Ligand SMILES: Nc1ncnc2c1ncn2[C@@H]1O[C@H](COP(=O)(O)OP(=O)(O)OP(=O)(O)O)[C@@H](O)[C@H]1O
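Taking the form predicted alone, here's one chain by itself in structure tokens.
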């Protein structure tokens, strides 16, 4: 069993801390066409879906950064290869799929090739199968459009295939699925929703205590309580704290907090100047679009901002799971935004 403070996503239920409720919903939903797993950054979505797959025939596909069809089939190949010990008998003999040692090669163009839809149709004939598409909202046309068409067909015609989409709430539901867009091929489709929640205060303490126990380390109680308060039940930050305390030679809680804020700040600095100023305004307490946020940004930049431009910025920041309803979803990003 890997340590709780291992920064890599967990892939076994025995390695997963808690998440009993989420796993129960997923287990009960096998056989339904579409499941959507939602959560903010670092909340543990990937660990949940990868661990969930353990007892089932299924493939996990990481779609972060996928732009072209080459990328798509490379990621599908990687997913099949990583689960080959369990999937070998399921995928053997499928046209266009070649098993080479411990890897899987997919021929998706030319003679004897197979498309993603064709592959799913073959799997459907062979029994129950789960396809996890993680961070699918990161894909772009034409790949995103094809994925929507494939998912709609799978939903309607492939009764043995369960698809799990995992990602941030706004971008996944609105940007990719288009649940409010009648022209989207996934519009109006019923799906099971699984919200990956924060740990409670007690769960966070238990998580840290167990992780440190596995490492043979026992931090002072006040340090643990301070970390629980600051990192606010977000597993990724709790893991970062544990690893920094153990491996980084840093036992000062203040220094570890600064490391986390610096990590968040480095992400925010990739945003545009106007986007950063909007975040700074909200971090400073601005709560309304026109009366406070807009005035703050215009005063700092010395330029008038059209209402439409500011609306687009707010929508983008919400789609990135940084804010929602003028509140930061993660307090560490709020602290980082104050330094923009």
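If you're wondering where the values come from, they're calculated on a predicted model, not measured in any experiment. Residue numbers count along the first chain shown, from 1.
Heads up, the form predicted together with the ligand isn't pictured, but that's what we're talking about next.
The ligand in the model of the complex is not approached by residue 172, whose heavy atoms all lie more than 4.5 angstroms from it. A residue is said to contact a partner when one of its heavy atoms sits within 4.5 Å of a partner heavy atom; residue 239 meets this definition for the ligand in the model of the complex. Looking at residue 295, you'd find every heavy atom of it more than 4.5 angstroms from the ligand in the model of the complex. With a 4.5 Å cutoff on heavy atoms, residue 245 does not count as touching the ligand in the model of the complex; it lies far away. Contact annotation: of the candidates 43, 279, 66, 26, the single residue with a non-hydrogen atom within 4.5 angstroms of the ligand in the model of the complex is 43. With the partner omitted here, the stretch from 255 to 263, 230 to 238, 70 to 78, 123 to 131 that lies within 4.5 Å of the ligand by heavy atoms in the model of the complex is 230 to 238.
For the marked spot (16, 135 and 199), a heavy atom within 4.5 Å of the ligand in the model of the complex is present in each of the three residues. Shown without its partner, the chain has 6, 7, 8, 9, 10, 15, 16, 17, 19 in segment 6 to 22 as residues with a non-hydrogen atom within 4.5 angstroms of the ligand in the model of the complex.
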